[in-house]
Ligand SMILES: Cc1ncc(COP(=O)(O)O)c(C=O)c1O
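Quick heads-up: it's one chain on its own, the form predicted alone, in structure tokens.
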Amino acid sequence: MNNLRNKFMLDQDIVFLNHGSFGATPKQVFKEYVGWQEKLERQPVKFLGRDFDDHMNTSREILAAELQTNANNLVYIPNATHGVNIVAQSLKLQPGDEILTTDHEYGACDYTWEFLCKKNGASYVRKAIPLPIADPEKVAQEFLTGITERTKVIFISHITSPTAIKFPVEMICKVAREKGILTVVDGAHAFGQIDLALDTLGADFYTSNCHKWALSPKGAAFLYVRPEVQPLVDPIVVSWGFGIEDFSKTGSRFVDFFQWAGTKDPAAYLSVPAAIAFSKENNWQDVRKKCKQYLDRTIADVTSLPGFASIYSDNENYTQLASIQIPDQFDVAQLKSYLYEEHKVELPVLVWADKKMIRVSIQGYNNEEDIDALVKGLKTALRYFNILETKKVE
């Protein structure tokens, strides 16, 4: 994987272990992105007025094939939080409705549901999923005990942001469908880390970023909506698609509602096929396996330090992203700054459920030297901040 580093635009002097926040784009994909922008600027009227739908439809078809669904079940959006907002605002919550979720969800999406629940008299119910995670079936069973007669929606991450745990969404969606409960899956970290087959996964609504683990330029994500529930979804911005009676351009009322929302730069969306092609050209299935091995080693090395601990019951609970508990004595802001300023290590340091953690991303451009740099930085941080006696970490 070492040669992949040169295929990305990342600063060579930074130990970049934070792919999970905003991703990183390969050089050849970024070149494709700029090429679409140049094409737009050479003849904006032709590009946006006459060619836009053809370009977008082609890109959606390539993305849909990768996700094992029909292109008319997908629309491009700027990010996964945007997708959650579209669905949450479309479902017209009523007083007494409950949205069942976990205590591992992404903060911005929590705020979305909390805002709408407060506005409409609904309840956002967080089911605690304690660490370490048990086997998937037990997690699903425990979570589903939170269902009541008032549960209208289940909202759950496929791979969580703070704890990086892969939840058994297939099992949960199956039970929810049987009970007539709508499912909204936040897959922000899933596309590119794991294979997706959206038609068989079972979610009513699924949103994920393309600009994180799938390597596209920033500002590309998708919203999948199962055909049977597409009539429930309204666009946040109403534009020309609302008034079209003949849907010959896209073949879908759902797509027309969302594909055109006024003037915008679609270059990130149109570059997704280039990102998919890059992954295939570089045998990304093999790359992901190697990344997982590196992450296993990272967790083993870091947790060998005093005061650090794994939050996972086994190494099947995570993929290329993992959080590791750190000593409580650390100040999270100080540790993050120290690792970056003194060791050039870029990664998040966070607090979840009163646990202080670092979150490590391993992508194809990472190598064993990056792991060594992180371990060295954490070992010296123990000394620098007088967290533990020096003799214990030598």
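Start at 1 and count along the sequence shown; that's the residue number. Quick caveat: nothing in here was measured; it's all calculated off a predicted structure.
What comes next is about the form predicted in complex with the ligand, which is not displayed.
Worksheet item: Only one of 154 to 162, 195 to 203, 175 to 183, 292 to 300 gets a heavy atom within 4.5 Å of the ligand in the predicted bound form; which is it?
Response: Going by heavy atoms within 4.5 Å, the stretch is 154 to 162.
Item to complete: Heavy atom within 4.5 Å of the ligand in the predicted bound form: which of 109, 87, 139, 100 fits that? Just give me the one.
Response: Exactly one residue meets the criterion: 109.
Worksheet item: Here the chain is shown alone; which of 188, 122, 214, 268 has a heavy atom within 4.5 Å of the ligand in the predicted bound form?
Response: Of 188, 122, 214, 268, the residue with a heavy atom within 4.5 Å of the ligand in the predicted bound form is 188.
Fill in: Residue contact check: residue 209 to the ligand in the predicted bound form, 4.5 Å heavy atom
Because a heavy atom of residue 209 falls inside 4.5 Å of the ligand in the predicted bound form, the answer is yes.
Practice prompt. Using a 4.5 Å heavy atom cut-off, state whether residue 272 contacts the ligand in the predicted bound form.
Written response: Outside the cut-off, so no.
Fill in: 4.5 Å heavy atom contact, residue 79 and the ligand in the predicted bound form
So residue 79 counts as contacting the ligand.
Worksheet entry | Contact label in the predicted bound form: residue 20 to the ligand, heavy atom within 4.5 Å | Contact with the ligand, yes.
Worksheet item: Taking the ligand in the predicted bound form, which residues of 322 to 339 have any heavy atom within 4.5 Å of it?
Response: Residues within 4.5 Å: none.
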